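One chain comes next, on its own, written as structure tokens: the form predicted alone.
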Amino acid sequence: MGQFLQFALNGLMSGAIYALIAVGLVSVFKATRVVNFAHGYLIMFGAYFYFTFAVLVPQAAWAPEWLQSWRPDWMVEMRADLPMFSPLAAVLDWMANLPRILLGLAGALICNALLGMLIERTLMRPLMGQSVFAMIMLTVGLISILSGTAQLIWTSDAAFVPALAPNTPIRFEMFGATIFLFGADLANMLIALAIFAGIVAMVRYTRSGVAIRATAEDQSTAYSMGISVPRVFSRAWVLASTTGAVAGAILATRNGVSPALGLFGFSVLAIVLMGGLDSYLGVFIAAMAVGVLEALTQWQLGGEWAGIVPYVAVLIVILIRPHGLLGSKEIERI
């Protein structure tokens, strides 16, 4: 029972990150009806931007010393009296990296937003009014462009970055079993869930969200009601890019920075198809379910089997519900 709970909680934490990645795919699809196959590589760029501003910039000769390691006298004195594995020591070590963590997040958000805006303006907007298939194939070609550009700018070697939260060990009892978690993983889950909930609330209750939903229903009608459809497209791509930046930073702290991060997009695309391309709630349910199934598969069969879980799950769901768990049915009249 204890191991089951441990792996199930680990799966929920992974599922929250999947949901954060998936929200960008759903937002672009709801606004443009385009499935962005290159979303995983936007996440990869977000991770590299975080690495640039959190690691490379602070190490530059012109950067101030406090940016690389902020250690005031009171922190040094407090840290010296603590044992190595003390939770407070982990918090103090994290605080020493706080300036470069904040710089890394700010730089990743801004640069990825600009990248998303650039892609929308230069590649997607000229195809407005054309076949949706042409726009989808453009995102497929974008995979090679983004992957090659990243390897030209940065090296392909994996690099590690500072965690977004203190990585303190957490132990507690649940149903008589001892559960062990890391503080950074728990914080990453809470960040992912908060952003996901914020975006869903924005789409549901704000004017920008109403514009996205109206554009998704009928672009011509949205135009006639005074909604700027190109601006909605741009906002959707910027939203997907900024959430991708946060997801990239989280994945970088877990797995290191490397071009392999771009492959996460294909697993999450399967999750989005499973939940329903235009349903935030369906995608959230699918993401959490796949996260738990992956963790339990790893527990019972080993890590090499966990990678196929999203694809098996989506095949089973699509055979039963072709539009996903909560996706909208579309009827085309010929």
Partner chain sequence: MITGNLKASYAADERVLDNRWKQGFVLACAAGIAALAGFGNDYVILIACQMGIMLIAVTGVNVVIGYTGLMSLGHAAFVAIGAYAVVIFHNAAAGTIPAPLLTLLALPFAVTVAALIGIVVGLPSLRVKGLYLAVATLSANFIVIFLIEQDAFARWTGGMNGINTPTANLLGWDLDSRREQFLLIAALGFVSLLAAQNLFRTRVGRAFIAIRDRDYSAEILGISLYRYKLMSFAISAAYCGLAGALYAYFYARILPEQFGLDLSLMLVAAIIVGGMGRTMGAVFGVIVIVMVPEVIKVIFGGIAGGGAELAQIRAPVQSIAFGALIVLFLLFEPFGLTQIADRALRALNRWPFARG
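Numbering follows the first chain given and starts at 1. Just so we're clear, the structure is a prediction, and the values are computed from it rather than from any experiment.
Here the subject shifts to the form predicted together with the partner chain, a form of this protein not shown in this document.
- Residues placing heavy atoms within 4.5 Å of the partner chain in the model of the complex fall in a single listed stretch, namely 301 to 309, out of 301 to 309, 283 to 291, 59 to 67, 46 to 54.
- Proximity of Tyr205, Ala214 and Gly226 to the partner chain in the model of the complex is absent: no residue of the three has a non-hydrogen atom within 4.5 angstroms.
- The partner is absent here; in the model of the complex, the one residue of Ala197, Met174, Met78, Val140 having a heavy atom within 4.5 Å of the partner chain is Val140.
- For the candidate set Leu127, Ala165, Ala89, Ala96, a heavy atom within 4.5 Å of the partner chain in the model of the complex is found for exactly one residue, namely Leu127.
- For the chain shown alone, Ile110 is not a contact residue for the partner chain in the model of the complex, no non-hydrogen atom being within 4.5 angstroms.
- In the model of the complex, at least one heavy atom of Val35 sits within 4.5 Å of the partner chain.
- Proximity of Leu9 to the partner chain in the model of the complex falls outside the 4.5 Å heavy atom cutoff.
- In the model of the complex, Ser144 approaches the partner chain with a heavy atom inside 4.5 Å.
- Along 298 to 324, a non-hydrogen atom within 4.5 Å of the partner chain in the model of the complex is carried by Glu304, Trp305, Ile308, Tyr311, Val312, Val314, Leu315, Ile318, Leu319, Ile320, Arg321, Pro322, His323, in order along the sequence.
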